[in-house]
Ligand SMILES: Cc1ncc(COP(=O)(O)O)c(C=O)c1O
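As a starting point, one isolated chain is supplied in structure tokens, in the form predicted alone.
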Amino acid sequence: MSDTHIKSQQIYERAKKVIPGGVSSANRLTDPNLVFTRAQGAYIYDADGKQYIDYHAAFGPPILGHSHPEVNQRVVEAINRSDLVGIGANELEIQLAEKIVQHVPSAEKVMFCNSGSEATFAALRLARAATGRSKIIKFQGCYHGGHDAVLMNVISPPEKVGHKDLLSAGMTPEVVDNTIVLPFNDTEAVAQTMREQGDQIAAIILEPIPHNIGCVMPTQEFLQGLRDLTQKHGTVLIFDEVITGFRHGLGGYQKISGVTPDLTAMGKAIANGFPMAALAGREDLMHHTRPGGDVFFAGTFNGHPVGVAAALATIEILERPESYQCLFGMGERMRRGLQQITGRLEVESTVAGFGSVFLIYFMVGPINTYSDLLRNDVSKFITYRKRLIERGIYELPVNLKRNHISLSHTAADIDRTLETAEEVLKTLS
């Protein structure tokens, strides 16, 4: 770590004495391992006082920007009125459920939880209960949380593609064995699997855009093919819209694509950084999770007033007509600018993204599935981001990770980023 990050290093050394590895989530330890002590709008500040334009955005939640005053005010109002009671329902919770049902095509009923992992775990349990089947299909490159059925095959080394690539020790073999991993955007591979095992497959789960490997866009044929195949075989189709939901529109990517799943997991941008997630879907499926139903769904902090108030405030801001126009406009400004720069400098690259998400892959496309991304120049990808960080632009220095623009970013921020990107790209051999 640089001599300019002395306080960050001191804090990290203190953390290592009481926290395994010094961080509370495995993916928070990066090089450079900075400690951030303040976040406001589009900017984050490290312990040594340096400001960065933040495009990591905590993996995506602060869609409005950090510490948004309207959201914070609603949270303060909520906790001044009540904290956690933990019995019955409250009015804010009902209002939020009504908003989700209003906007998300698949949402006929909604249950709240606190993280995307909880939502996808509940979705898979519900699908297995409703179908009486055990197997599921997930796709290489998609991440759905830390539970045993799906914690595998995200950013895999070449030799692991086509095989089980488990991300943790201690996973239950019987659960792992019931997960089938297939290539994204490969309709025929799914069709073949369904012909052979369709009567055993409870669910197909996917990120409609696999943002955990940057931004690989789905083909319309693929999404519609999944819908047709699952309906034919009585399998539950689950969209994990923890990232795409609310960031790409109030109705999620399902509304954009016109393909409606049976169940939807949501989180991250729903509450602009406060803990909040939801599972929504068809009424007949969600009915299983009711009190007295055959699928247990419970949690002390489910529907906590803080997260609910933050989500209501966030959604109301996103309902303003100018919000997504601004987000998508800045995303396009960034991607177009990067394309012009990489073209002018003749950098072997592909600028990817959708809406407010962007990144540069250091490879030439097309990019349709994870295997295509094995051509990405990992060293150049990470070096580029580290040099941006040195110049006050924070993009997570980890291979294939996406960047996010918020409503707090300005045209001046985008232009400064593009100027810095060109400066850095000129230094890469």
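When you see a residue number, it is the position in the sequence shown, counting from 1. Just so it is clear, the model here is predicted, and its values are computed rather than measured.
One more form of this protein should be noted, the form predicted together with this ligand, which is absent from this view; the next part is about it.
A.B. asks: Using a 4.5 angstroms cut-off on non-hydrogen atoms, would residue 144 count as touching this ligand in the predicted complex?
C.D. replies: Because a heavy atom of residue 144 falls inside 4.5 Å of this ligand in the predicted complex, the answer is yes.
A.B. asks: Does this ligand come within 4.5 Å of any heavy atom of residue 117 in the predicted complex?
C.D. replies: Yes, residue 117 sits close enough to this ligand in the predicted complex that at least one of its heavy atoms falls within 4.5 Å.
A.B. asks: Mark residue 248 yes when one of its heavy atoms lies within 4.5 Å of a heavy atom of this ligand in the predicted complex, and no otherwise.
C.D. replies: Output for residue 248 is no: heavy atoms all beyond 4.5 Å of this ligand.
A.B. asks: Quick one: is residue 207 in contact with this ligand in the predicted complex, heavy atoms, 4.5 Å cut-off?
C.D. replies: Within the cut-off, so yes.
A.B. asks: Only one of 156-164, 312-320, 186-194, 109-117 gets a heavy atom within 4.5 Å of this ligand in the predicted complex; which is it?
C.D. replies: The contacting stretch here is 109-117.
A.B. asks: Select from the listed residues 357, 243, 278, 263 the one whose heavy atoms reach within 4.5 Å of this ligand in the predicted complex.
C.D. replies: By the 4.5 Å criterion, the partner-contacting residue is 243.
A.B. asks: Identify, from the list 140, 230, 179, 212, the residue with a heavy atom within 4.5 Å of this ligand in the predicted complex.
C.D. replies: Exactly one residue meets the criterion: 212.
A.B. asks: Of 85-103, which residues get within 4.5 Å of this ligand in the predicted complex if you count heavy atoms?
C.D. replies: Heavy-atom contacts to this ligand in the predicted complex: nothing from 85-103.
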